[in-house]
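As a starting point, one isolated chain is supplied in structure tokens, in the form predicted alone.
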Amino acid sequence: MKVLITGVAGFIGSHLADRFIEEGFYVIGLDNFLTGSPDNIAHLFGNKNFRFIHYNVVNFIYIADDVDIVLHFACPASPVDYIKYPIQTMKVNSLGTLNTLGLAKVKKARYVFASTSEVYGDPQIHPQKEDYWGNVNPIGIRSVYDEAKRFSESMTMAYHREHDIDTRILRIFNTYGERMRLNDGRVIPNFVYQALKGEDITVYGDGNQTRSFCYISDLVEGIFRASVMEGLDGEVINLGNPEEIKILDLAKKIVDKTGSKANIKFCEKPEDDPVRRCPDISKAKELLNWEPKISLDKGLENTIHYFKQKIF
């Protein structure tokens, strides 16, 4: 079987390519390296089951091959990136979604869309279930990502209803692990980098806001199951780790695990930064028989080891 993965050189996309190839799939990967890195897929060049196409998916996509599954994972995913590239972020989640859905329609392929917990905004319901509509500022600085993903979800469901495409929408919560960029801007690479360099750990707000963190191998397992299982047409599924931790406690944990002498510095809380974010994964447990297995301690140890090799 053949799968097409957009954003294949990204953090999640590259791990997905590895997993599908391991499972015997032929992977066609697209990326324009806006935020992805050739380093993430360098080990796949020369693999007979991998073909890379340097391409921007906001343009019309033509693939001669048959394609069985389309996974649309192209998008700047950290606040630093989508605030730096606001128009590109909105284009990849409008034109890019339109083009990949069109490809799925032509190829009669299954379609898997990488949505995000950001569609819930600053949630007023906790933990967040898939039937929660969210609390999003449509014109705030984060709206270029939040609303673009919400629009993509709407377009995905329109194609499902109008053209009977087998679609799956995956709302991905905070994920971390190897192949994240040092300057990614998300909290774990920020804290690990600062701790390893002995710089101040920058905690925004008072640090009492909570997040839940899913290790990359757990997330990939969930995505893979949601992509290959039958009978999930039109489903929307949360994927993340339901274990909450305060950001301040996360900072202290990373300082401890790195053996750093870094101090914690409190900074102004960014606009529209959610106070709490945690998935209800009951649906993933029921439909996919999936839940995270890797503890935060183990995942952080793996991630710290990876960043040490990058820095030193």
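For every residue, the number given is its place in the sequence shown, counted from 1. What you see is a predicted model, and the numbers here were worked out from it, not measured in a lab.
Only in words, not in the display: the form predicted together with a small molecule, which the text now covers.
Distance criterion of 4.5 Å from any heavy atom to the small molecule in the model of the complex singles out T202 from the list S94, N135, T202, S217. This chain is drawn without the small molecule; in the model of the complex, the residue among D39, D273, D249, E244 with a heavy atom within 4.5 Å of it is D273. The small molecule in the model of the complex comes within 4.5 Å of no heavy atom belonging to R150. The small molecule in the model of the complex is approached by V187, whose closest heavy atom lies within 4.5 angstroms of it.
The small molecule in the model of the complex comes within 4.5 Å of a heavy atom belonging to F191. Although the partner is absent here, R277 sits close enough that one of its heavy atoms falls within 4.5 Å of the small molecule in the model of the complex.
Comment: 202 to 210 is the region of 68 to 76, 232 to 240, 202 to 210, 119 to 127 lying near the small molecule in the model of the complex, near meaning a non-hydrogen atom within 4.5 Å.
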